[in-house]
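Only one chain comes next, encoded as structure tokens, the form predicted alone.
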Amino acid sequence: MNALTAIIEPPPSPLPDSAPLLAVRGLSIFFGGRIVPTVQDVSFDIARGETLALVGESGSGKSIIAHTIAGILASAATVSATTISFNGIELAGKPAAVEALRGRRIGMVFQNARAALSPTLSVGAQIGDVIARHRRLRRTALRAAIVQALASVKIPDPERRAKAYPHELSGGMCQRVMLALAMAGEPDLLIADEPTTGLDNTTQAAILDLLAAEAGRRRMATLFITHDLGLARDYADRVAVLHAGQLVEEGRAATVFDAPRHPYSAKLVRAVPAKAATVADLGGIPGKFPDLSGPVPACRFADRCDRAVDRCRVEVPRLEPVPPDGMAACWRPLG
């Protein structure tokens, strides 16, 4: 066993199923030498077979967190974390370990599949590259595995489609190819970063139903990043709410959406249009994210919050248990 293999292999005694597959503690991310972190002290767990939705407005830090876990964050960023543990393997500050796991045990679906796929290679060749890297297959078996990967994501006539280039496929078909790429290494954790952006509602549902079915079949953990709260409610087991890089609430999806305890979560939920809603019925969130190039309030939602008090601006609220079964970072939680 070489040194790299020793880094990436699971511990001799596998973690029990009750232990989180992914554990993130104290994650902060800085850009451009700033003193104020873009993402501040974020912690969460994901268990095997569980889907955690990371939600919040655009710019809240969702994709940055995903890219950090996958080891593809821009080099201009500085990452600090108490731990980023995958099945007991420490990833924080260990790029070689992350690289060895990425594609094999950690898969990723990007939000713009057509842009993420190479325009110069057939989709079959791209899937084959992933399979060849992580599974030792001879040529005939590799071709069969490519066709099977496309068939598994319900692409019709997979043998013919394997020879197609991304520009020859629809947006929904490209997203299925991206899912096939992410699944080709048979990962334990799938990071789905806005996986249905730009797709119509019917195609969205088909892609997410497929993703949920594969996760259930493989007992795969899923980090589902979305700004669409309706999709988070329908497909996630738990929800973590981000505002301006701070994790403000976490809990079971039904609880967060039916009885949010953080004022920001409540405003997000109210901003989701009901089926019979009119423009006048829509609830907005006043104000904007704080400017992270200078001093910011301790609670970054304070300047947008109608429940804020002086303490909110000088003392960072920590995630604390709130009944019935959630966590909220707020000095004056709702309820």
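When you see a residue number, it is the position in the sequence shown, counting from 1. What you see is a predicted model; the values in this text were computed from it and never measured. Rigid core (definition): largest C-alpha set, two forms, superposition within 1.5 Å.
Below, we refer to the form predicted together with a small molecule, which is not included among the displayed structures.
*Asks:* Taking the small molecule as it sits in the predicted bound form, is H227 in contact with it (heavy atom to heavy atom, 4.5 Å or less)?
*Replies:* H227 belongs to the contact set for the small molecule.
*Asks:* Does any heavy atom of G59 come within 4.5 Å of a heavy atom of the small molecule in the predicted bound form?
*Replies:* Residue-level check for G59: yes, a contact with the small molecule.
*Asks:* With the partner left out here, check for me: in the predicted bound form, does some heavy atom of T38 sit within 4.5 Å of the small molecule?
*Replies:* Output for T38 is yes: heavy atoms within 4.5 Å of the small molecule.
*Asks:* Any chance I64 has a heavy atom within 4.5 Å of the small molecule in the predicted bound form?
*Replies:* Yes, contact at 4.5 Å.
*Asks:* Any CA movement of 2 Å or more for R34 between this form and the one not shown, core superposed?
*Replies:* Yes, the C-alpha moves 2 Å or more.
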